[in-house]
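Next up: just one chain, as C-alpha cells, the form predicted alone.
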C-alpha cells in the first residue's frame, strides 16, 4: 500500500499543473504548483509545519503548549491544523480587514482569534507585534513569527524547491511568486539558483507594497495602493526574504488580478484566490518578456472559497472601483 502518514505526511508533494489557456496564449509552458491541495488548503501548511517542528526541536514548545501567531489567515489555518494534530493550543492575532471566511474557518478549527485594527508594522499595536508580546507573556507559549523565522524559508528550500526541480526535470526558465513573509519565494529561489544560476527568479507584487521598489532600486519604497489582496506585499524586507538572489520584479494591479481569477474560473474551471491571481498575471508578464518556448513556474496558493465575501462579491468589488469581467 502507498500511504501518507497523518497530517504531517500529507503536506507537500503537490502536483505541478499546466495552465492551458495561459500557455496557449503566451507560447510558453505556464506551470502552477498546486499548493491549494495541501491538507489545510494552502501553501502556508508547509511553513506552519516547519515552524512548529523547529520550536519542538529547540525545546521551546513542549507537550500541551501554545502557538501564537499574527497572520492574515492562511498561516494561521495551517498552524491550527498542525496544533490540533500535535496537541497544542493555537491563538491567532489577525488584522480586522481580512475575509470573514478565514476568521470563521480558524474559529471552527479551534483557534482563538483576536482581530485587531490595521496599523503599520512600525506601530507597536501592529498585529504581528501584539502576537509576539502575548507569546512572551504566556507560560509555555511560542511565537511562530512567520515573517522572520527562517524555518518558513527552509520549508520551501527543503520541500517546494526540490519538488519543482524534480517535476520539471530541471527544465525551467523562470520561477515567479508573490511574497508576504518571503518564505516561499526565498526558499524556492535559493534552491533553484543552487541547481542552475541562470533560472530567473522574479518577485510579483501587488500595489500598495514596497517590495517591487526594493528589487528594482534597493530601497523599500511603498507603491500607491492599497490592494484588496490578502497576505501578500509588505512594507519591509523580512529575514526570510533578505539575501535571496532575485533577478527582477513585476507589479500587478487589482483589476488585472480580478480579471485573471475570473478568467481561470470561467474558461479553465479553476477557483483561485487573489494571491494566485497575482502570481498568474506575473507569470504571463514574465513569459511575454522571455518570449515563446520558455517554461515559467509559479504558485497556486489557495482556493477561492476563502474570499467569497470580497473577491467574489460584486458589491465589495464595486466599492473598490473594480469590475467583474464579462464575456
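Numbering follows the first chain given and starts at 1. The model shown is predicted, which means the values in this text are computed figures rather than measured ones.
Only in words, not in the display: the form predicted together with a small molecule, which the text now covers.
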In this chain shown alone, the residue from 199, 232, 202, 106 with a heavy atom within 4.5 Å of the small molecule in the predicted complex is 232
Heavy atom within 4.5 Å of the small molecule in the predicted complex - the one residue of 160, 189, 181, 209 that qualifies
181
Does the small molecule come within 4.5 Å of any heavy atom of residue 45 in the predicted complex?
no
According to a 4.5 angstroms non-hydrogen atom cut-off, is residue 302 in contact with the small molecule in the predicted complex?
yes
Sort through 32-40, 280-288, 61-69, 294-302 and report the only stretch with a non-hydrogen atom within 4.5 Å of the small molecule in the predicted complex.
294-302
